[in-house]
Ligand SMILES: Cc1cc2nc3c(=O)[nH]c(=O)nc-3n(C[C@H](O)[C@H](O)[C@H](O)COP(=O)(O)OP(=O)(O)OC[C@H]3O[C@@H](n4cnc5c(N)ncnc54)[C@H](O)[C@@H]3O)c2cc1C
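Just the one chain here, the form predicted on its own, laid out as structure tokens.
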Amino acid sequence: MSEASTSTTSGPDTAAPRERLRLSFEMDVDICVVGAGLAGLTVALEAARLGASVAVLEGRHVGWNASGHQLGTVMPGYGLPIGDLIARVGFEDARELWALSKNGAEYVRATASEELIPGIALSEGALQVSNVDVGDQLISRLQMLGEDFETEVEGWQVDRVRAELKTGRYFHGVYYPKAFQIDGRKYVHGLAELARHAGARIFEDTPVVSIDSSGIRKRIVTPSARLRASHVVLAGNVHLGATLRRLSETLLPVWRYAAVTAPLGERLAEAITFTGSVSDADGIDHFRIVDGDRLMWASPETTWTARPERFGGAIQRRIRRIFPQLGRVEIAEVWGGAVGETVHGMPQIGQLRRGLWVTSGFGRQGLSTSAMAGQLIARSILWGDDRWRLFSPFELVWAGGATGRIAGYAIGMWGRGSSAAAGALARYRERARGQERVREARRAAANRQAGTRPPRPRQPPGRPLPARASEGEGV
């Protein structure tokens, strides 16, 4: 259940600025977390709650990248399709991994309350729609999720999907009633405040220069001070740099761009009545209504960084292609963020060597996965929880460097092209079936009408037929 690295309801500049504290003195702590994103802050919060002394080192500022620019949808699942997950680790381990993902979603729901994080703007429900007609596959998937993985889901037929999303682009859908959305930027800054309140120290503008992970006490060097810790948690993304190149090179950097429209008024309600988040099964589009009559939409994706403003037109055209009745919408703001995607499609969670931990690779994983990972790592360090070993089959794999970026971009373009072609073919077949039904209805009506006509009188046998006027005498 992939999650876009996109912005929150009110855009990337809504959090109230606070004075940034830079590490300028020597420290000795139980746990040092490198990276103040969703996973790193969850590690810090949970470890501090369990009584550990924690320092978080962030090279820029809290939530500056993907963690502060995500759509805020929370639902169970991983970037790797469930069938592939079973094939990789077996049915029982796949069930345990899925249960961990569900626990992550429950953790976010418990944390993202108005009491703890005011203005979190929680809304319920997520719908994953198909660009092609896959009713048979939908039934088997619903059975697996509901019966084998104990996840509450509903199958939506085409008519119901199109009643909520008035477009012919989508067919069947899978509805997750327990999924929900939050203001993602408020959540990441809320986590930071909760971690500080629990006793964690967060240092911004403090990049890590080097880490010596040998020995019982690890040594971490920053430009302005040094730090010693019993455990180091690498919770960074693709920007870890040369110091942690072994990890950063296992991640394919992917930039995804999103926009929020100007208020659309009643015409938005005439096109979309579903109040939760919507994503297509191919991972191309992800959108939801925010602020009552605005549309937040994530779509373009690239493996190279670019100015977000370049993608405003592409998002605008994408919205119009899916919902032509909206016409040309005005884009109020565009932004983007980089996520790190792993080659195997699963997050990297576990212990690299004694006292050196990793929680990374959350591109296409979703908000619940980073929450689960942070909680799991903290409990692994302080309680000896060894469920992180479930992620051992998904080890660090080199992402291919520049060649990997080119390949990733080409694969993404091919995937979007094949999805568009499959969707166009599905819609053509649907129109053809509709036209055939119309023709059949007309034939049936004609047959019924013919059946109600009085029968023509039959000529008695032996009596000659009257000659046609053109063949006999004139009348």
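Everything numeric here is computed off the predicted structure, so don't read it as measured data. Just count from 1 along the sequence shown to find any residue number.
Although not depicted, the form predicted together with the named molecule is the subject of the following passage.
- Contact annotation: the named molecule lies within 4.5 Å of heavy atoms from the stretch 366-374 in the model of the complex, the single such stretch among 97-105, 123-131, 317-325, 366-374.
- Under a 4.5 angstroms non-hydrogen atom cutoff, the named molecule in the model of the complex has Val339 among its neighbouring residues.
- Taking the partner from elsewhere, Lys186 is found to have every heavy atom lying beyond 4.5 Å of the named molecule in the model of the complex.
- Taking the partner from elsewhere, Pro347 is found to have every heavy atom lying beyond 4.5 Å of the named molecule in the model of the complex.
- Contact annotation for Arg49: none of its heavy atoms lies within 4.5 Å of the named molecule in the model of the complex.
- Along 258-293, residues Ala258, His286 each place a heavy atom within 4.5 Å of the named molecule in the model of the complex.
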